[in-house]
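Each of the two blocks below gives one form of the same protein chain as structure tokens; they are labelled structure 1 and structure 2.
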Structure 1
């Protein structure tokens, strides 16, 4: 670690170096307040404002780099490691002059976890507020480095803010680079101090690097999944459910949900995590999961007592929450964001919007502009979540009973459809998507595909990603049940939501667990098992019978038409059809079926994953497996995964 710090200090040239632990939080808060970097809030929290050009992740500037061109996928924006390391090092050279380098040793797992060896990292940052966020989002302390069995076995994560005013954000001269050099376990981020661009333990390590590590080792999956637990107080039985949801599809609200009032005496919901889940096969053959994070980095917009009372309590008085880019009142120290209350504060005195402009001084044409940035955030530790599971930090993780996927779609999906075949469940996640909601972009209602909700975080090729999923799940002796959920069906005439959502979403998950345990049978369909109306626990639910009937049915003919006309080939219609010489409107269920022998990039079907490669295709993989990644690539899929995949030839075979 000293060698690593010495090297990057020589490159970035900070005036001072300081090693940080969680015990330094109070001192760093005092220093940040004195420097004007943060401001106090009225409920004991803190407020920070990012640069106006630095408000969100930037997918187009985010790169996965390795030394092997075979690691290039559709979504990982692959570049050569040597090229990117040289480029970013050049940008970082001398960029921290006059600043302090904060050395932040961290652990993205509960201590003692079987995956702890992949979870240790050291972030170097020249931004004090980033260190404060890291203390809330990861387990921070030098003890996590001192306990390493292999002294060099930590992720090296370097963050340099840069001159935010002059980086050309969003132009052809954009100098920002957010690079994960995955095969070297090094993260180099230059040109931001915001969110996932700067908190390198979170997305860059917790998802991109961890996903690559899991594949290279063959040991685990790292997914953008929420994780919750449901306890039936009547039977004492507890189930754990994890799942992926694209943006704006209700993942955080579901992770933090509570039971509906009418069911609250019987069912208790516990929170484990809202954003990342690592999955692995335990010694007993079951699938286990854990949230590697130590905090919640949530979107403030529309968080209120109705949509997410759990989150509101987690950021309440005494939680020392860090708010970013919300509105702030300089006289009362209050914070506000769109959706916190039905209307903004009537008295404008003292209120500043997220850019620092007084709301009262806005021109007439700007009075309707948002006070808070749409991506405004709160950062709080897990311990502040009122229904945090007692075993959230158990090193062994928790057994996973179900894996669900859900995207915002107005009419394509029922409330819930259970999938009892493993390969079909994996396929459902690989073809996950959500409808775009931006009419101004001309794509309102069109699907944006987001495999497993990992599209922005893919670190290796999509075909190998699918293969790795089948390998891990294939090793599980007690398979989780899969399901696809949709809280967002709308009435085709008036556009209203058919399902009340929020806490009532638990009703669908309770049915899924009863189906898994054999307590209900459901209604079979070509795309999964649907609930019979009588099987849902509807106590206290106010819903029109006709709406419920629509929620529990599928228009199969319309679904087939949409699939053929709009789906394109996973993972992107711009790639596979062009390589095969077919038009980009082709469906995977048409052109792939017509040419089942056609190889398209790395998208091998499940049966091909297990079979020997045909003559003429083995050249590249005849290299000696000199590292863990190559051995993982050449490892056979578990027999159970092959059997499961083979039973789904009707779907995966065509894919």
Structure 2
């Protein structure tokens, strides 16, 4: 580790080097307050503004690099490792002069996890606020990583902020580079201090590097999934559900949800994780999941007592939450974001918007602009979440009963459709299409593919990703049920959401669990099993009957029409009108992704690099057998009651 720190200190030339542990939090906070980098909030939390050109992940500037061109996928923005390392090292040279380099040892796993050796990392950052975020988002301190894995087996995560005013963000001369050199387990991020661009344990390690490691070792999956538990107090049964929605599409809110009031006596929801789940097959053949994170980096927008009371408690007094890019009142130290209250504060005195401009002095054309950045966030530790599950950090993880996919889809997708065939479930995740959000620069509202909600974090080729999923899931003896959900269907006329969302989303999940357990049968359709209206627990739900009918039906013909214009971009897929006139999207699973003839690149990687390879990958060949889909299909599905319903859904192409 010393060698690593010395190497990068020699490149970036900081004035000071300091090793950080969570115990340093209070002191770092004091120093940050004194330096004006953060401001106190009225609830005992803190407020920071990031640079106005630096408020979201940049997907365009994010690269996965390896030494093997075969690792190039459609979405991973692959580049040669040697070229990228040289470029970023050049940009980092001397870039920390005058600053402190914080050495942040961290663990992205609960202590004792069987995957802990993949979770060890050391971030070097020249930004104190990033260190404060890391302390909240990961288990930070040398004690967490001492003695884990091989001594050289930690992820090297180097973060250099750069001169944010002069990086040409968004221009043809953009100097920002966010590179994961996956086969060297080295992360080099230059040119930001924001979120996933800068807190390298979370997205860069927890998703990009970890998904690569999971594939290379064959041992696990790392996904942008939330993870929750639902207990039925009447029967005592507990189910665990995980699943992916694209960034800023409802994972945190779902993981933190409470049962609707009318169902609260019977159902208890527990929080496990809101953004990342690592999944593996346990010794008993079941699928297990765990949250590698230690905190929540949640979207502030629309967080209020009705939508997410859990979140309000998790960021309230005594939680030492860090707020980023919300509005701040210099006189009262209050924070505000759109949707916190129905109307913004009436008294504008003291209020600054997220850019730091006094709201009262805004020019007429800026008067309607949001006070908070749409991607403004709160950072709080898991221990502040009131319904955190008691076993959230169990080394064994928790058994997974269901995997769901969803996203912002204004039409096409019903409230929920269950998928009982594992290959079809995986296929549904792989072909996830949704509207992108403000969590990434420049893509808000764009309808696009987002496989498994991993598009921005994809580290290896999509076909291989599908294979790896099917191989893992194919080993599972008690198959999870899958489902596609959509909380975001809109009225075509006035654009309002048809479904109240938030806490009421639990109703769809309760139906899914009952379907899994054979308590309801649902209504078969060509794209999965839909709930019969009578099967949904609707106690206390206020909804227009016509809206509910609409939410529970699929307009197949409209789906087909739209699929032609919007869905033809899956790598290797063709949108081809069938003779019957009914178009279909060719399945990526039937697309010949397996290339057994391909030379496996890591054989060519130098010995020094091999020493840094993910633990557990020694002598392994990443090529997987190609009949996995068949194997996964043949494996039994858990709930026998739904088998007959699913057999009518025997198509693999969608709509």
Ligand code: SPV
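None of these values were measured; they are calculated from a predicted model. Take the two forms, find the largest set of C-alpha atoms that superpose within 1.5 Å, and that set is the rigid core. Numbering follows the first chain given and starts at 1.
The form predicted alone is structure 1, not structure 2.
Superposition of the core reveals a Cα shift of 2 Å or more for residue 249 between the two structures. Superposition on the rigid core between the two structures places the CA atom of residue 489 2 Å or more away from its counterpart. After superposition on the rigid core, the Cα of residue 173 moves by less than 2 Å between the two structures.
The two forms line up on their rigid core, and residue 551 then has its Cα shifted by 2.3 Å between the two structures.
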